[in-house]
Structures are given as structure tokens and as C-alpha cells.
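Coming up is one lone chain in C-alpha cells, specifically the form predicted alone.
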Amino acid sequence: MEKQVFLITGGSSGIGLTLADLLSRDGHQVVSLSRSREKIRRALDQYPHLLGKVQFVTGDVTSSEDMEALFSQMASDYGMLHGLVNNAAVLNKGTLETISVPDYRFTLDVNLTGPYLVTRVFLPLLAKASGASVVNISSVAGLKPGTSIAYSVSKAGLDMLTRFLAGDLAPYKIRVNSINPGLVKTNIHLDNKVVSDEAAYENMLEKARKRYPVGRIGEPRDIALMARFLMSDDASWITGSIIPVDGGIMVENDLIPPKETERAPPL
């Protein structure tokens, strides 16, 4: 890809930060949006080489005022937007009876209304790029219920938003796709206090690992590489797709007898 401009929401940690690093190494201009100045400081501690290469900005994806202000700034600075990655998300664990109404609404506001609002606000800049790409970071929890009713519902809705926008925005030569990760080792569980501390998190990851056919938990790079591909010209005929990148968890089947992996399969 020639030098292009990308906006990543939730771009100061996990998948978003890893993608910002990849795209900046490719020579692109990356704007990384975060709600938290503290997370931006943490990101630059983790990736000090991004200082001056990635433009970190603060803003709330649920705020029309924040997004309009960022639109004005990017319209002035760059004039167009080649790729938008709707990655910002929150996770509130709970069932119908245990999650609070405010937590449920907040989860849907960030995870579903946020991508709608950001895409709507930045549509004029995306249309100017003539071949732009929108990538929504969804979840396998949108395809199969997980531990959070709010998170699962928000991600299922995000997949439908993807399908709708793929048709709606095609006349502007804008492609829209979803990536549905399985469990990826990021800060989302700790930042949202789903687990109490690092030890509890590592214990959760180890228990989950055994359910993944490929034998490991995902890394942010696994998802970031797919996002980079979907925004490239190599994916120019892909739109409206819901793509699990999940280590095989969606085909996990404990009824299949375990293999003796020490020896080769029979001929």
C-alpha cells in the first residue's frame, strides 16, 4: 500500500495498539483514539518508538461532540481517510439477572452505537478515499453466547451493522468487514475488572487454552494482521464478511476422541 491515513478507535492497547504499530511500520499515518490519557501513556511506555510516529488523541466514541471535533481536525490535517478500525470496546460480565441496566446500556453504547457513530461521522472522509475500508473488531461471542449478555448482544449487533453497511456504503467504494476474535491476551479483562489481578487472569487463560484446537490463546498480532490485510488492496473483493480469527474455538468439539500426537497419523 502507498502511504495512507488510518483511524483506530481503542488504539492505545491490545489489538488496536498492535495494529497501529504495524501500520506505522508500513509507513502509513495512523491516528489512535483512546478515552484515557493514562492508557496512552502506558502505550508509549510499551512502544516508545511510536512517539511522533502515531498520533494519539483522546475522545469518546459515544460522544458526537468528540467525534465531530476529531473529524474536523483530521479533515484539516489529511483531507481523507483510507481505513477505519472500530476496535474500542468494553466488557461487563453478567447474565440477564446479574448485570445492571446501566452496565448493559453502557456496553451497547460503546461496542455497538460507537462504531455506528464513528462510521457515520467519518463517512465523508472515507468516501473521498475512493476505495476505503472499515474493519469492525467483533467477537466469537457475537456468534455464540459467551459469559456476558451485554457483550454478546453488542457484538452480534456489530456483525449485523457490518453486513448492512457493506451494502449501504458500497456505492462509495467503501468495504466493510468484521473480524471475530476468540480469546486474545489483551488488557480488556483487567481494565474492565472482569478478573481481579494478573494471577487470576493467567489462570483464566490457562483454563481457556485447553479448549482451543490450535493449543494456544490468541495474541493481538493475530488479529492485527487480519485487519491490515482487510484494509489492503489484496482484499479489494471482500466486503460484508464476518471472519472468525479464533484458533478454532468455533469448531471445538470435545466429542472427538483425542489424538495421539506423539506419532504421525496413519497413511
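One-based numbering along the sequence shown. Everything quoted here is computed from the prediction, not taken from an experiment.
Another form exists, predicted in complex with a small molecule; not displayed. Remarks below refer to it.
Residue 24 falls outside the set of residues with a heavy atom inside 4.5 Å of the small molecule in the predicted bound form. Proximity of residue 73 to the small molecule in the predicted bound form falls outside the 4.5 Å heavy atom cutoff. Of the heavy atoms in residue 113, none are within 4.5 Å of the small molecule in the predicted bound form. Among residues of the shown chain, residue 33 is one whose heavy atoms approach the small molecule to within 4.5 Å in the predicted bound form. Annotated contact segment (heavy atom within 4.5 Å of the small molecule in the predicted bound form): 138-146, selected among 97-105, 162-170, 138-146, 75-83.
Comment: the small molecule is not present in this chain, but in the predicted bound form one of 90, 129, 123, 117 has a heavy atom within 4.5 Å of it, namely 90.
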